[in-house]
Every structure is written in C-alpha cells, then in structure tokens.
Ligand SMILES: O=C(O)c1cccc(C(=O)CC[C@H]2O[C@@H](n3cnc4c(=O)[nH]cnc43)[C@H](O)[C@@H]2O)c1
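The chain that follows stands alone, in the form predicted alone, written as structure tokens.
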C-alpha cells in the first residue's frame, strides 16, 4: 500500500509526519519535481507493507494540483504508483450551525445518507451533518470546488452549470466511514475555495448552496482533481482551527488543530496499512 499525503505548508506536513511516524523510523527526504517527499514506512498491524509519502505542495488548489500531479507521475514512471492520495491539513469549520433543522437547505439539495452512501445518492429525509467544532477532525465524503464557476444575474453558477468539467469528487465511501469512525470525525462536504471566507454573509451563502458543508480549505479539490486524472482514489482529512465566517485571528486555534492533525494520522496510518484498492477505489 503506497499513500501520498499532500499538505499546503510545512507545519501541516510536519504534523502529519509526527502522527504517521509514531510507528515508523525517521522519514527519508526525497527530492521530487516541485518539492521534497518525506517518506515513512510504518509497520502495519496486518496486510501488505505500507509506504507513506508526505509533501507540502503549497497553498491553494493550483499548487496542490501541480504538486500532486508531479508526485503521482514520478511514482508512475518509476513503476511504484500510489494507491491513495490524501489532502490533509487544518481548515475552517462551519462551527456556528445549530441543530440539524436550523441549517439552511437549498432548494433541490440532497441531504446526507448512510455512512456507506455517496452524497449524490443519499435520501432526502436524512439529517445534515453535525457542526465541526474547533479542534475536531473532519473527513470529506465529498470534495467540492465551491467557487469554480461564474457570477450571473441570478447568482453563482457552478462550472458544471456552464457545461464544463466537474466540481465534485467522492472519496471511497467505505474508507471515509472507517477513518471517521476511527478518529471520531465529522463527515460531510469539505469545500475548496481560492478565497478564504471572511464574512458571515458568505458563510451563510456557502451553506445555502452546500447544506452538507462541514469545513472549507484551499487544496482538497486540487489534490482530488490530479488524483482522478490518474485514476487514484482521493481522501481529504482536516482538523478545525477556526470558524468559517468573520476573520477573528484571536479566536484561531492553529496549534491545537496541528496537534489534532498529528493525533488523527497516528490513528489513520495503521488503518491504511490494512487497505488495498481495486481500480474503482473500493476496498479489496
């Protein structure tokens, strides 16, 4: 099992390395186009050998896509392809949501389904996800480009509404469920944005358009898009450092979120060692 974990900045990379490295020797540093891989080989409890490469690719979806694509391509050329790509780091959580009935629901939206059901096939009667509190772990069951599209007289139109591309990638549902259970994580949509939300109005608008959103960050869709181009399944794991909405730096808990990220990957790494994937990204 070979896993590529992509973060934005070195502090996130180091937090992930500390977590994965809890059961591994010191990481090796390997130069790749566009960065340096930190390679770890933790001993899985069962299953095939596990290799985890961690890369800080830069901030934003473009940097994340470029770094991920370069690492995936280098591995494929070397005939050591990755089985899974993971976008990891800290992010903003939709922490202000109240009870499920208080979350805004857009007309025609689809609510959350069972743990093993992708969002696009969920039943309309299911409740939206819980709010992601500061310091909590979030696992994406949908990775969505929230601001990829166009402003129109009728409001925002996603690029898919314009007849182009995609705005959503769905991680393997069984893996999402297993990781969420192991880390006591909130599951839901994680939004990728190029401009971080800084107002209550925009936070409310994002929730109106994406009622299952639990967090926003800047890299997940880039990682997932690059992975999809090479038929590699993708996952996104975040820990919440701040609330999505008005920027209040005094309320940010970056240190605590990084510690939570380390703890999450200390739990996730042994789990990944028990998984293999078929070409459809499902567990064998």
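Residue numbers count along the first chain shown, from 1. Please read all numbers here as calculations on a predicted model, not as lab measurements.
Beyond the structure shown, there is the form predicted together with this ligand, which is absent from this document and is the topic of what follows.
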message: For the three residues 141, 174 and 271, which mark the spot I'm curious about, does each lie within 4.5 Å of this ligand in the predicted bound form through at least one heavy atom?
response: no
- prompt: Which one, 48 to 56, 227 to 235, 35 to 43, 212 to 220, holds residues whose non-hydrogen atoms are within 4.5 Å of this ligand in the predicted bound form?
  reply: 212 to 220
- prompt: Taking 4.5 angstroms as the cut-off for heavy atoms, does residue 11 touch this ligand in the predicted bound form?
  reply: yes
- prompt: Can any non-hydrogen atom of residue 254 be found within 4.5 angstroms of this ligand in the predicted bound form?
  reply: yes
message: So in the predicted bound form, is this ligand close enough to residue 188 to count as touching (4.5 Å, heavy atoms)?
response: no
query: Is residue 204 one of the residues lying within 4.5 Å of this ligand in the predicted bound form, judged by heavy atom distances?
result: no
Option touching this ligand, based on a heavy atom within 4.5 Å in the predicted bound form, out of 71, 193, 84, 180: 193
- prompt: Judged by heavy atom distances of 4.5 Å or less, which residues of 57 to 95 approach this ligand in the predicted bound form?
  reply: 59, 90, 91, 92
